[in-house]
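Have a look below at one chain only, the form predicted alone, in structure tokens format.
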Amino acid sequence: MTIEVLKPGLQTTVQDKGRYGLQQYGVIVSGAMDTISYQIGNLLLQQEDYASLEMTLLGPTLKFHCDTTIAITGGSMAPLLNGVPCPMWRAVMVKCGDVLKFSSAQKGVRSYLAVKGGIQVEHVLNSKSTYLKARIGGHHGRALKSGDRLPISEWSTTAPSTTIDVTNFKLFENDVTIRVLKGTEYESFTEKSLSLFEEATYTISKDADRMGYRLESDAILHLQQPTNMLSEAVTIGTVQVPPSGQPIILMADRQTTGGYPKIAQVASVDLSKLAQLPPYAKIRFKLISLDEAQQLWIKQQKHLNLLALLLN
């Protein structure tokens, strides 16, 4: 009972919610980049936090060697099941021998394939997530290759027919404003730099990956005084400013500590939206308060909880 990889796509990896509780030992968290789409995929299958496939920019072609139920969420890669368009954001039954083919990303950059019972690779340090740079977790610690076979469970019960509306989560927007809170060293930047940080339009550079997004603009940010910092804890969404003056946003495969000044922290509510942006996308930053960030996050979690109730 497996999924066979006929074509691997550009970068398809096994991901779950991540590897928590080990950052004090230098072990990164990793996990799904777009956690909202990842969670909804599992909710559609009436399960929580099971390992799924994360597909980036160009999806794979997969063959199922047993009956099961799947849910495709996140960015659209125009999935075809046996040559026929396969609906997204709902549970779908597949039969032994069915072939699921994904194309290049047409909306967003990351699509998720949840499978009933999850992708059954081994846990490594309490997670099935693939960390590519350390080659741990997932399927042999790497992105999938042609010929790989991923163990799954057989499942023949009829799938729920509900198709969900995800507009409340605002994962895909043309005018992308990313809401941020003040970072630890926010006050250390010059007044002009703080103004530029909110006024500038930044371009996500080609050097954007699961570790972080390098940003580019004409707005160079400066500290009031040169400083030598000790490395300290960072997290997903931390916005660091290296000596170049061009910000870097840390993402799922970020390091556990960083030594650059932190001008801001992306509000958790906007992390999934950020994860669906491709290289060369334009973004702007908007500073919000901690209270506002918390209220936005609570609202997002309420939408997820209501969805879970609806699907159960």
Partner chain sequence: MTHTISFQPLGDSALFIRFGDEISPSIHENIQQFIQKFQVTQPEWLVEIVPAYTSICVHFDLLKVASCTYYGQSITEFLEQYIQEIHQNIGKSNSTDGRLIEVPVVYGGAFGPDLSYVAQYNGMTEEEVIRLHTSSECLVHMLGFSPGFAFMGGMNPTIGTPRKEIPRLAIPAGSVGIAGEQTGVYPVETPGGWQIIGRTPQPFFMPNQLPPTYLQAGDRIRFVAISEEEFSTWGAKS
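Positions refer to the first chain, counted from 1. Being a predicted model, the structure only gives us computed values, none of them experimental.
The discussion below concerns the form predicted together with the partner chain, not included here.
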query: Partner proximity in the predicted complex: Ile220 to the partner chain, non-hydrogen atom cutoff 4.5 Å; finding: no
query: Contact of Ser127 with the partner chain in the predicted complex (heavy atom, 4.5 Å); finding: no
query: The partner chain contact in the predicted complex: Ala267, any heavy atom under 4.5 Å; finding: yes
query: Touches the partner chain in the predicted complex: Glu232 (any heavy atom, 4.5 Å); finding: yes
query: Segment that reaches the partner chain in the predicted complex - one of 196 to 204, 132 to 140, 166 to 174, 149 to 157, heavy atoms within 4.5 Å; finding: 132 to 140
query: Residues Thr190, Gln224 and Lys273 all lining the partner chain in the predicted complex, heavy atom within 4.5 Å; finding: no
query: Selected contact from Thr61, Thr35, Gln246, Thr256, since only one has a non-hydrogen atom within 4.5 angstroms of the partner chain in the predicted complex; finding: Thr256
query: Residues in 277 to 291 with any heavy atom within 4.5 Å of the partner chain in the predicted complex; finding: Leu290
